[in-house]
Every structure is written in structure tokens, then in C-alpha cells.
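One chain is shown next in C-alpha cells, namely the form predicted on its own.
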Amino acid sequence: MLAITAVTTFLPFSSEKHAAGRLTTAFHALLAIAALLAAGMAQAEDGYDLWLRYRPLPDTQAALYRSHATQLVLPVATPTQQATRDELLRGLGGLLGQAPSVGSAVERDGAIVVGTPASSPVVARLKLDARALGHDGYLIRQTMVDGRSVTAIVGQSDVAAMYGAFHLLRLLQTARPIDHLDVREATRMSLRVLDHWDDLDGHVERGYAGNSIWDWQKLPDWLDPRYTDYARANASIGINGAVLNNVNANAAILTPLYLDKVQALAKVFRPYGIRVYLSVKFSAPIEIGGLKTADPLEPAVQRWWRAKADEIYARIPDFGGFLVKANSEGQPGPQDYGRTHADGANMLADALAPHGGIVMWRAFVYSQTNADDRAKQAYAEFKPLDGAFRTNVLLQVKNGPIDFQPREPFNPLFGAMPKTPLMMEFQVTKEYLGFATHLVYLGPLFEEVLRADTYGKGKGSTVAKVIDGELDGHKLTGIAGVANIGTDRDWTGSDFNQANWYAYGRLAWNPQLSSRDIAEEWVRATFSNDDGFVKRVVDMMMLSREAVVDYMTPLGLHHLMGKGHHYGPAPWDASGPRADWTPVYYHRADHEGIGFDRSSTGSNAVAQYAPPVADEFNDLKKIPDAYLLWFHHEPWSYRMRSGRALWDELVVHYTQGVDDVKQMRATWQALDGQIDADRYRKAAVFLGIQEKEAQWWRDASIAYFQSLNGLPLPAGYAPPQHTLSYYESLSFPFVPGHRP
């Protein structure tokens, strides 16, 4: 809500009488503005507050909650404790219209008691045991202290208590009942990390929300308040790590100049339980260390990395560790010296181990000269290395075997490396999903992958159970999300993109959560608690992911986007520099049919999955329609389950995607006036862009494939609005987020 903090009136040096009159006029103007605000007629919002808006609740709801928030009883001896107190005061004051008093003893009914048994004598007296919930887990329980009713938030660490405080605020924001609370929360993942693909010059690779939020030029001296708000937002959803720089790393990040800057950010994040990590370039010993080799088995290289780790931890004692992209897309790595990925990861792991650091080694690799199916390469390189990695190495695996497509089958490495802890890598930024303007809620995508059954140890061996350690007994567990955050005022390029950051964090904390429940939670915190509004917006969000699959890549098609920038359709592109960077490599369409044959009669990528999964993907009678063209090349006349020919089915799906966006747009238009005008209008305009671009995707794709098969469109379906040559002529050299 707009806040009036000061009014400056410029007065002529004439008379006190005239000055008094002008002041009276200004005062009346202030009263008029205040009346408008009170009437709810001028509530401007810009999205900066994310889901932590803390706007006043309705009077009856606020009065009910105020009886449970009369006082805060919590220690304030550490930065985390102080941050927890400040958040509760901010949140309760905003939601309830008044902030509770703060004290060290319970003085009245309705107090909120926060802390650990070690930090708070009051908590210690409650004898509420949170030890089984781990370092980050917490409980929230209504109980009694000296005959007075209290709400206790208890953890084994200050950060756990902070997470519990955010949980309580979330309940209030979303108008949930808080009588008789008995909440026990324990995270399923020890590392819950955001990967920032931010370069040192401020560019963000695959970033669609402005420049990098890290202002390296002004660090370490100027600490933008935005850094603290970033930390608050992450802590509110349980994210506990940030990789600050691009996986296509610049070795300069490891120089003293930049380590001082990293140290400054680590200090801001520390009270919120967030550790910093760095992407490192494998050739750093050559580029900044003066060595002639980066061979991981060379003693001088090993000494260099040990010394570098010592240097980092001297500045940042709680430094998290390294993220590494090696021997992928031209990046240097151990294979340059005839060594394995395990050799490279273990060398770095040994350097970090004395300090408790970890290595996240990315499995997104494919050889520079690829004679086989690109989808098979990660499995081929890493499966033989199962069990060869140090105990402080996590193998970071993308959700699918290609590259963050609108839909992919789960990566076959999940369930195939029981001796190696694997961490998930999701993409929160929408590189292949319409950038910032398309409304695409990724919760269903994340949920689909996490619930996929690998059959690694029989039925029920879900991807979630692989990465949370349950399936194979791993203690080191993790999940990473490629961030969608930038300097745009709304952080993510649109208000609805915030939902993907939020959903990632909530599922990182608990991969068993429902994406629909998360969407409802986000809508209530971000926009409104009106049940009718919430249901319509959640329905729209839940429709959005399938809509984008339909208008971009239906029935298992994939990687049809424009080369390099990945903006818009280009299924006709066959230009170099390598085949597996071109759409024609993936769809393999010709006059006779379409699809990539990965069945047992093709590249046999199906064999990388456990037998029950391989059998389903291999058998045309069993494979879901959603994956048909991922695993099979079929004639245009192939009869689908719907009874339609494959060509007709593709046209139906392309058209359905556009129709779904039209439905989303109509839903949003019907909600005009139910939220603030600025955020409503921006989403309305973006949905208009999405409808136009969905139509573009549909028409360009149909025009191209029709040029190959020469088939008519099914009856009742409109032809493309332009010729194929028109779509092929479009060029986009300056779209955001591409790699320079």
C-alpha cells in the first residue's frame, strides 16, 4: 500500500499568513489522500514484496489472530534471532494492524514463544522435543506457560526457529485456522540451492528479469538492501544456498578482489541460514594460478586447489562449496587430460573436505563430436562411475536427458546410480517456456518429475526418493533450481513468474507437496484470500503448463526453439555448428513421418531405464501419448488412441494450446478490479503477448510440418495466418538472456 512519509511545500518568503494558509491547504490534501487510501482506492503495488506482502487482513480475521499474537517472547542475542524478531514484527504488524510487544518472559495469554531449548529458558521449560526434526526442522504448538496460553515455535537451531516463524506468518497470510496448532516440519533435502547463471559483467545467461542483482562493481562496500530482501524471501520458503555465478564460470571469481565481494554477500545471507557457493572453472589453476596444467592428478594442481579452498574459508568459514560444469559445451574439464569426471570431482572434494565443503558436479555433458543420441550421453559417461565419487560429492542431474524442455521423461540416471548421491537440477527461469511474458506455472512440471517412478529398487522408487536419500540411504542430499531473479522491480520479470521461485522452494523443502496446494498458498499470499478469486487463478495456473506443451512441443516433440536465443519456433533450422544444436536433429520429420526413434530398434535410449520403464516407453501400446515422439518415429497416418491420425492429433494439440491461453486470458479479464490495477494490467498485457506468441508457435509449426507431409488440415481447423517463408524470415538477434 502506498505510504505517505513526507510532504514538502515550497513557500514564498512573503507572510506567515499566506504560509499558514498554504499549509492548511496541504494538510487538507493529505487528509483527502488518506481517505482515498482508507477506502482502498489507491493501493499501488509493484511486485517487489513477493509473497511477503503482509497487507492488513479483514478486521474480523485480524481481531481473531491478534488474540494469539499479544506478545513476542524470544531471544535476540544473535543475528538470526534478531532477523526472526524483525520479520515477526513486520509481518504481524502489517497483517494485524499492530505489532505485539517484545519481552523475555510470558506476561499475557496469546504470546508467541520462539527459540531453541539452548537459547530460550522459556522454550527449555516447555520440554518440546524437536531433535528428531533435524537441524532445520521445527514444531509449532499451542501450549501453556505458567497458566497462560502460548504459541510455541521451537527448533534445534536458530534458523529452524526462523523457518517456523515464517510458517506461522504464512498461515496468517493465507487465512488458515491457527487454533490448536500442532505442526511438525522436517525437510527432506539437506541442500536447497538456487543457481544464479550471473556473469561478472552483470549479464544473466537465460535471465529475463533485467541484469544480475549482484552489483559486483559496488561490492563489498555498498550492500544493496535488496540483498537482505532476497535472503528473506529465500528463507521464507526454506532455501538455504545460493550459487552466485554462472556455471559457464569466469576464473576471476576466485581472485582476492572477488572473494572479498563474495564475503560481503555471505555476511548478509548468514542470518537467514543461506550459504554461498561458487561455480568454478576447471582451468582456473592455469588462468589465474600460473600453472601450465589443470590435470586433477597433478600434485601441483591439487596443492593449488587446497590453497584456494583455505583462502576462501579464511574469509567465509561457512562457505558451501563448488559447482562445476566440466567437459560440456566447450568448458574445460578432466577429460582434457584423459581423466574421468570422478577424478576431477574428487580432486576438488579433497580440497574442500577439511572445511566441510561439498562439490556439486553437473552431469549435463555431451561430447563435442556426437555420433550417438544426445539423450544417452550423460548416462553413458556417469553410470560406469557409480560409487567412484568422494562422500562430499553430489552429482547434479537435470530433470530430463536433454535440456529443460517443456516436457521430458525423467533423466535415466535417477535410479541408476545407487552408490552416488544425486541432486536434482530444475530450471526456474523459463529459457524454453516463453521467457518472462508467458504465464507458465512450473509446479506441475516439478511435481511430474519428482513423482515419476524409476523402478530403481522396484515399484515406488520415485525420483523424489532418489534425491532425498530415502531410496539408497544417502545422507548428503540436495536440489538446485536455476534462478529467475534479476533487477526488475518485481524480481522475476512478471508477478506470475514469482510463483515458480516459490514452488521450487516449497518442493525443495518437501518434494511430496502438491503443486496445486502450493499454487493456492502463493495466490493467497500474493494477491487475495477471496475464495472465488483464488480458485479461478489456481485453475488458470494449473492449466498453463499443459497449454505451453501443446502450443510448443506436443506429443513428445522437443527442442524446436530458435537456436541460441531459444525464442520462438524454428523447427526448420538445420544450420550448424553441430547437429544436436538444431531442431531437425530432434524431430526428424520428413514426408513419411516424424519423431526420434529411441526404441530398441532405434538409438535404444529406452535401455537406460529400468526394465518396467523401458518396456512402457518401448511399446507403442503402452507409451503415454505425451512421450510418443520422444521415443518413436511414426508415420503421419499413425492411429492415435483418440482415433485420429498422428498429423490430425498434432494439429488438435497445437490448437488446443492456443485455445487454453485464450481461456486463461478470459479468466484474468473477468477478475479486473479484484486486485490492484498495476499488477492486474501487467498480467493482462502479458497474457495478450502470450496469446499472440502461442498462435505464432502453432501456425509456424503447422506450416513447416505441412510443407513436409503435404497433408490437409483436419476439418474445422484454421490454416496458418502467414506463409512458411514469412515465419522463416523472422530474426531475433537481441532477445534477452541469450549467451553472448
Ligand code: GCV
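Don't overthink the numbering: it's just position in the shown sequence, from 1. Here the structure is a predicted model, which is why all the values come from computation and not from measurement.
Although it is not shown, the form predicted together with the named molecule is what the next lines describe.
Asks: Quick one: of Tyr455, Phe533, Tyr337, Phe364, which gets a non-hydrogen atom within 4.5 angstroms of the named molecule in the model of the complex?
Replies: Selected option: Phe364.
Asks: Ok, Asn327, Asn246, Thr462, Asn618: which has a heavy atom sitting within 4.5 Å of the named molecule in the model of the complex?
Replies: Among Asn327, Asn246, Thr462, Asn618, a heavy atom within 4.5 Å of the named molecule in the model of the complex occurs only for Asn246.
Asks: The chain here is shown without the named molecule. Which stretch in 107 to 115, 204 to 212, 153 to 161, 438 to 446 comes within 4.5 angstroms of it in the model of the complex, by heavy atom distance?
Replies: Stretch 204 to 212 is the one.
Asks: Evaluate Asp403 for contact with the named molecule in the model of the complex, applying a 4.5 angstroms cut-off between non-hydrogen atoms, and reply yes or no.
Replies: Judged by the heavy-atom cut-off of 4.5 Å, Asp403 is in contact with the named molecule in the model of the complex.
Asks: Using a 4.5 Å heavy atom cut-off, state whether His566 contacts the named molecule in the model of the complex.
Replies: Yes - in the model of the complex, heavy atoms of His566 and the named molecule come within 4.5 Å of each other.
Asks: Any chance Tyr432 has a heavy atom within 4.5 Å of the named molecule in the model of the complex?
Replies: Output for Tyr432 is yes: heavy atoms within 4.5 Å of the named molecule.
Asks: Tyr609 versus the named molecule, in the model of the complex: is there a non-hydrogen atom within 4.5 Å?
Replies: Outside the cut-off, so no.
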